[in-house]
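Subsequent text provides structure tokens for two forms of one protein chain, presented individually as structure 1 and structure 2.
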Structure 1
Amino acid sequence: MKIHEYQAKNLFSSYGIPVEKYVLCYDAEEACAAYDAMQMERVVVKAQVLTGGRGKAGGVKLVKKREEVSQYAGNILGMTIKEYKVEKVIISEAVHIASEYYVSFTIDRNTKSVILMMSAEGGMDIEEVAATMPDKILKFPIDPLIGIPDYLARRFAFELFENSAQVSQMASIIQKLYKLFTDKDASLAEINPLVLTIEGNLIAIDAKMTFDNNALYRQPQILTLFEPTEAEKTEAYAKEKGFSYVQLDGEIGCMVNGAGLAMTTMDMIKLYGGHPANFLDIGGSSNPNKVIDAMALLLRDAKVRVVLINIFGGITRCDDVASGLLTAFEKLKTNIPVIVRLTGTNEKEGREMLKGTRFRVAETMGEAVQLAVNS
């Protein structure tokens, strides 16, 4: 689960992490009123959307007078950034930046621990730094039994700063960010950039947090911030129907019984030059309603141009699956090609039942995938 910058900053502030002054606004008139109330010559108008890359997309503007606030707020509100429509902005205090840094906590599956990442190369292009100069990204696994006591926090802070006052500020921010991360079951807590002002203060002028969906039941405060994206709504629908589903960017919709087989199907699609639109494990049942629900899920994705149904019949017999498919597609209205591969118990009977129907039947996974890729 993702939250907006202003929501993350509210959490930062509640844990004592220094942030700049800001006001949330929903239209240009509110933005101008916020500018008047803040009584600052320079402010920053920042789009609030659940994605990165706002600065490069024109969603962050430094302004120096009231007329510019109205102009830029009006331009930013309603614009689209990576398929997200901007419906709110914040008017932020413009600080005097001397240098920029990066600091975050996330989960590292290699060390099976929380990991602290820091860099003296903070800012918009931190991804490029990670790709081209990985040695500039400092990483420290955190032992959950030890956490970050004062001596460790100061040791980490000395990696970026020499001035004792800044080391003390940085150590405090690291400890507070770690506590916030663990208290709220976060999967990411990121400050980029953490700026050193010319006055010598460290301030988080951007904030990003994501949370473990499986822990939201014990985070009622965080759950109230949830603004599901279309992909998250689709995944919630899938969970409600008892499916394991992840949406991807391809065009071949996959309906498979079994997680391992589903992953293999996706690999095979890539091997033959196609692109899977999803991971979908429907479990072991020939219930026609399950097929209808699964197809409705796949057809929510406008990019899907063909559906590949890959079934291994173990306990569930292939002829039962075929019967379920025929019943389900009597109720479904779609012209999208459907490829079916049935293997396992009563596979010959199942394939025979589907002959002469709207389905294109394959005997092997390779044959089925090739049909799907070439459809």
Structure 2
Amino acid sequence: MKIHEYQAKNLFSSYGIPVEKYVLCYDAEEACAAYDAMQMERVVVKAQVLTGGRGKAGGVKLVKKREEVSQYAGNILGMTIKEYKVEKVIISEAVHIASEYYVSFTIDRNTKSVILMMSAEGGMDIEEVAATMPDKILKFPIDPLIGIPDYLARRFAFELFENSAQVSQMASIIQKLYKLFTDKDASLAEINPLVLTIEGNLIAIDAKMTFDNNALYRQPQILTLFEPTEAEKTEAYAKEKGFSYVQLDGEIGCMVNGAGLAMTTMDMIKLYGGHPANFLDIGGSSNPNKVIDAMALLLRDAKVRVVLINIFGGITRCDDVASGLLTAFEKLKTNIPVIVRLTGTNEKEGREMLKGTRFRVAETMGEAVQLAVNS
């Protein structure tokens, strides 16, 4: 689960990590009022969306005089950044930047531990730094039993700073960020950039946090920050109905029984040049209500132009599945093409029942997938 910058900064503040002052605004008028209340000449207008790269997309603007506030806030509030509509901005105190650093904690699969990543080359080009100069990004695995005591925090801080006042500030930020990361079951806590101001202070001017969904049951405070995207709302609906469902961005809706078969179906679609719209395991049952719910789920996604139903009949018999499908589609009002591949117990009977109906029936998986890709 992701949260917005302003939400992450609230958490940073509560853990004592320095952030600049800011006010959340939903329209240009509020932005102007915030600007007046802050009584600072230079502020930054920043889009609040659940994605990075806002700076490069024009979603971060430095304001030097009052007239620019409503102009920039108005522009940014109308923007879409990587498919996310900007619905709120923060007006934040502008800082005088001497240099930009990168600091984050994340989970590293190689070392099977939390790692601290730091770089003196922080800022908007960090991805490029990582790709072209990977040795400029320092990585330190953290032993969970030791954590980050003072001596380690200072050792890490010395990697980026020499001045003792800055080393102390950095060591404290590292410890607090680590505590926040572990307390809240985060999978990412990132500051990019952490800036050194010309006055000599370290301050987090950006904040990004992601949390482990499997831990949300014990993180009620974090859960209140959840703002589901359309795809996440659909996934929540699927969960409620008892399906395993992941939304993707293709056009072939998949309804499959069994996770392994569902993954194979997605692979086959790719193999034949198509794009799956989702992963969906409806489990083993021929209950027509399940098919109705699953179809409703697939049709929520406007990109779906064909549905591929791939059923392996083991304990569930194919003739039962066929009769479930017929009952379900009597109730469903949709003209979308539906391709059905039934195999396993009583497959002939099942296929026979679907002959001459709205379904296009395939015998093999290859045939079914080709039909779906080409329809």
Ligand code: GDP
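This one's a predicted model, so the numbers in the text were calculated from it and none came from an experiment. FYI, numbering is relative to structure 1, first residue = 1.
The second of the two standalone chains is derived from the form predicted in complex with guanosine-5'-diphosphate (GDP). Between the rigid parts that turn between structure 1 and structure 2, the hinge residue, out of 226, 185, 334, 323, is 226. A rotation of 9 degrees carries the smaller rigid part relative to the larger between structure 1 and structure 2, according to C-alpha superpositions.
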